[in-house]
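Next come structure tokens for two forms of one protein chain, structure 1 first, structure 2 second.
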Structure 1
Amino acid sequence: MTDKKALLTIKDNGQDKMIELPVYSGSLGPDVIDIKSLTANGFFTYDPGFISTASCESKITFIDGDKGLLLHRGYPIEQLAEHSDYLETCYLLLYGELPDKKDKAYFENTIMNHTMVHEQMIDFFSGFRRDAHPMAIMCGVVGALSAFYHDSLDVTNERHREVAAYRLISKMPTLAAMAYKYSIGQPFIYPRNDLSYAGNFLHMMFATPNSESEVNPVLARAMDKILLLHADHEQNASTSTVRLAGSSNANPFACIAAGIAALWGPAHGGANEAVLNMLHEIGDEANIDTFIARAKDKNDPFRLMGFGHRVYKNFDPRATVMKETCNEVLNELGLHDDPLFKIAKRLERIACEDEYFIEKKLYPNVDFYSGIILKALGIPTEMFTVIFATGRTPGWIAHWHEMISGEYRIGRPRQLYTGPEKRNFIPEDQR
């Protein structure tokens, strides 16, 4: 907090009205103007999409897009990706500090020992069409968890909140894998507690009951990186949705289901899926120059997907990590000569060397590389956003818990009304 003030001058019919607004400073980032008192003075602010509005105070994640900085509880994402793992990052997001050896072991054991879901959940899946989008299924089954685990729904009880958090983190990969298995008509594979979190997810995705399967450690590490790099990203659309739903005291399972619904939107969670669709559209290396020319033509609606970022103006710090992981996966699987991946690597090289892309800062972002990795792992594109949701779950929970355990009010955005003024009802025979 600071002693700075902002003075707002309202000019109306030659009269000046002065409103004094407090200015606050966070530990990082720009100062914010507290506008709560505007309502008492007869004004609201107009900010579509809340682009210039801080909707909450948070200690979890900080992003500086100009500097390419992403911090979780103060730790740079590059350091977490290199030295930590997904579950340890989950702990960090939830509790604010890195765990010691004992706490880490307890947390990991607790999560991995609760990966099974209630057996009656299987009946929920049988109610969906086989060709249902897996995100539609996830919205339903995650919300339905509240019907099976109603012993942890008291949002005012800290222990209930913790139990619900553990259940969500542990069961999301199981539900995600079940959604995939259901879509292809294969039996569900039960989780294995002896595997890592990411390794267990790959096991449930690709194992079958009639054969032994081993999880490739290189691929398991790649999946762990993907989950870690998507664990939280500050006040994005889905996280804000979780907070808004939570402000009504909705149970945590319902709030996370709301976040999944928001993430399902192609403008938010579908970017890596769009990358693969673009690569398929290009189709062949011989067509790349044509599509590059189209991307540069401002009158052509075609856009290269997976390049540039709304928040990061210079580079996406997550993409640096993903690029290295992408090369490891392609090397491990011997896919560098795959036509689709050759297109991707050529596009990457062009974006890093072509003056047009450099000037406009259209660098490969995390979605570009994660889409390639997931495709290489054999995961169908319709599952990409499901995996995004699985990785983002601890971030959603951390923000929900931070809000619900502090001071908050039910969300109630205002509006700029431009409809008709008051008018009298006209009887049907007079219209």
Structure 2
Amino acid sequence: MTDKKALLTIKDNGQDKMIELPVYSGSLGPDVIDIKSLTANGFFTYDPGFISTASCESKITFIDGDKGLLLHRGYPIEQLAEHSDYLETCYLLLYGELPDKKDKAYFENTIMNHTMVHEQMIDFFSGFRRDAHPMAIMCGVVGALSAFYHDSLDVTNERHREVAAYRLISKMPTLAAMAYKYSIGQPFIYPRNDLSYAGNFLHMMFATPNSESEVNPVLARAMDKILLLHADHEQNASTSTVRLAGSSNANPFACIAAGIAALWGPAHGGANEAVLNMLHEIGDEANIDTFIARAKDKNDPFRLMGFGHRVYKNFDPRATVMKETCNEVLNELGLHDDPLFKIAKRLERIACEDEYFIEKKLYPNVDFYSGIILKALGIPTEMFTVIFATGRTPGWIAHWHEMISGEYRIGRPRQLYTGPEKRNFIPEDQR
């Protein structure tokens, strides 16, 4: 319980109505005002885009946008990026603690030994056009997993939830690589359980049946870091979508498919693809000022993709790590003179010195550099958000599981209605 209270006074035509609302404190971050009692008092709150709304209580990830702080179960993202790896971070998000040697080995072996998908899943792909966007394919095939795994659909069953979590983390890279291979008309490459999670993904993406292929460990480490940096991010649009879908007791595969659909938007996870398209459109450092001017022009819908964030009003700590990784990959591949990277670095410098971006606190976000790394790894732009979705899967599952394993109700927001008042039907001959 709480002894903190918020006192709301509604002044209406000289009539004052006082409503007392409980205030709760978390372990970090702002206090929250519990507004549940407002409905009984004849009011809703109004917060389109949920700029000031805490939708739930959570112990998974904390972001301080002013300090550029991102904690997963209390551990700073910079420390996880330097000392941990993606699967260990998946375990941390799911179970709340870093695994000991035995638990880590069990988790990794379980994930890496369930990377194959049902052979009949292959038939889904042939129904898509070869030029289908891979995110369209992922929305379809991830939801379709629920057609195969009837033994992990009961959301009230703890074991079903855990099995579904493992299956999703295991199989997302396989489905992602299949979507890519299908788009280029190459045969699917089966997963290899002897490789690392990220190494196996690069293997399934770039190996071919007619030649031996080795995965470059520097590139595998970079891919692992990209997945780690995308693993979770509090109540972002796609995670909130997963929670809302899950609140209706939809099965976990359907909930993750809903998250994938929400992530696809260029304002969200589609931004990494949009950053590359923007850098291509800029084409030359000489054109940067024109695009900066367009980004500042209220009458121009153009926004500088990879900049700005709902929460980070300072730097995005993930972008800092991503920039280092970008340098490592470009140096490893001898691409440090990559023209797009040079445009990106100059764009970042100009934007961060520009009064408009400083005043609106628009800094590079996680998507700004990830696209350049992925391009350097030979991954086509359309696959960027698929990789974001793959990385974000443990975060989506952790939030879904946190809600389902606790007390929850179906999410059902209300509205401010400004449409027509009640009126009678008009017969056609009187319209």
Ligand code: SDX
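From a predicted model like this one, the values you see are computed outputs, not experimental measurements. FYI, numbering is relative to structure 1, first residue = 1. Basically, rigid core = biggest C-alpha set you can superpose within 1.5 Å across the two forms.
- Structures 1 and 2, same chain in two forms; the form predicted on its own is found in structure 1.
- Relative to the superposed core, Asn287 undergoes a Cα shift of 2 Å or more between the two structures.
- After superposition on the rigid core, the Cα atom of Gly308 is displaced by 2 Å or more between the two structures.
- The two forms, fitted on the rigid core, differ between the two structures by 2 Å or more at the CA of Tyr356.
- In this core superposition, Lys296 moves its Cα by 6.3 Å between the two structures.
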